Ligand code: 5GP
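There is one chain below, alone, in structure tokens, taken in the form predicted alone.
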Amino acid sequence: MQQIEELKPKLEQSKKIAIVPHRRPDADALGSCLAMLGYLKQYSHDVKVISPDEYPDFLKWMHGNEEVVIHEYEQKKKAELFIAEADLIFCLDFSSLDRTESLEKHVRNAKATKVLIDHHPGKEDFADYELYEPKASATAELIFDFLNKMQDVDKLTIPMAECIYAGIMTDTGSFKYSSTSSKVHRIIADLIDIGVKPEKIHRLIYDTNTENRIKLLGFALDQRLTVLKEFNTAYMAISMSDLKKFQSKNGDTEGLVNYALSIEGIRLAALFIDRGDSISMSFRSVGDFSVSEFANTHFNGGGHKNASGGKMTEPLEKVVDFFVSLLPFYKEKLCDT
């Protein structure tokens, strides 16, 4: 493993560079990738962001979005060829290659030098260079650190700064999570000084909803929310027919699980969504209950202590029943005040 600072000379020579986020990129993943894209372009590299699949419309305002290559669509061969020919591959906002799903084998088999920048626990040792800090609030925070280590903070443009701000803002829950350190606030101050307008980013991400997304939210809260006070737990289960009824797009269920967690007394919240080929899960918690351990132990997942995900291929009803059956074993932890 080489120190990330040793990457600097490589970046000063023109190269073919791929930037890859995890599947279903969120604001932190996409923002980190597009900020890196903006930086590397200033060195005249042949660089592309290659996403395993599509991401929400409310993220498509980010500068460079129109250049992202989506692997799941008709751009498969283009994406795979670029990765195979790349000199460098930046792996951003994931700590193990299986999080890229359809791109995993292509990135793993590529001859390129691999660079990992991430903050998720459970790191796989596949990269040649790493900037890895599980205590960081967001990968976007580490992108700012990376620019510092490259002695290139002066190359941070307003569009790049907006992408970094969006990543940090969303991964800290608008600066309310415990990961919001004094360092985070200092970075945010620097971004604002560069020209970022916080109200603009907040509006673009949180206040640009479709009518169907709002209706899905209302339906989920009214018809799909279950509260189990005995275990200080709340969950929602969204079926494929629910998604079709509201013509749901990628990202429309983003943040739903947080409404369940916001209920007074709730310490564990879960969201189950039937995607057809699998059930995707989001877990959130408050206090010392680790949903990362919970998801890793039971749902083929993981993440952060208070925010994680999982995935299973069983039917939705069976997955939910399994989740509920586990709660008595965690009652003491969930109800310990």
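Note that residue numbering begins at 1 and tracks the sequence as displayed. This one's a predicted model, so the numbers in the text were calculated from it and none came from an experiment.
Only in words, not in the display: the form predicted in complex with this ligand, which the text now covers.
The three residues His120, Ser282 and Ala307 all sit with a heavy atom within 4.5 Å of this ligand in the model of the complex. Stretch 295-303 is the answer when you ask which of 31-39, 50-58, 295-303, 65-73 has residues with heavy atoms within 4.5 Å of this ligand in the model of the complex.
Contact check for Arg99: a non-hydrogen atom falls within 4.5 Å of this ligand in the model of the complex.
Taking this ligand as it sits in the model of the complex, the stretch 23-42 comes within 4.5 angstroms of it through a non-hydrogen atom at just one residue, Arg23.
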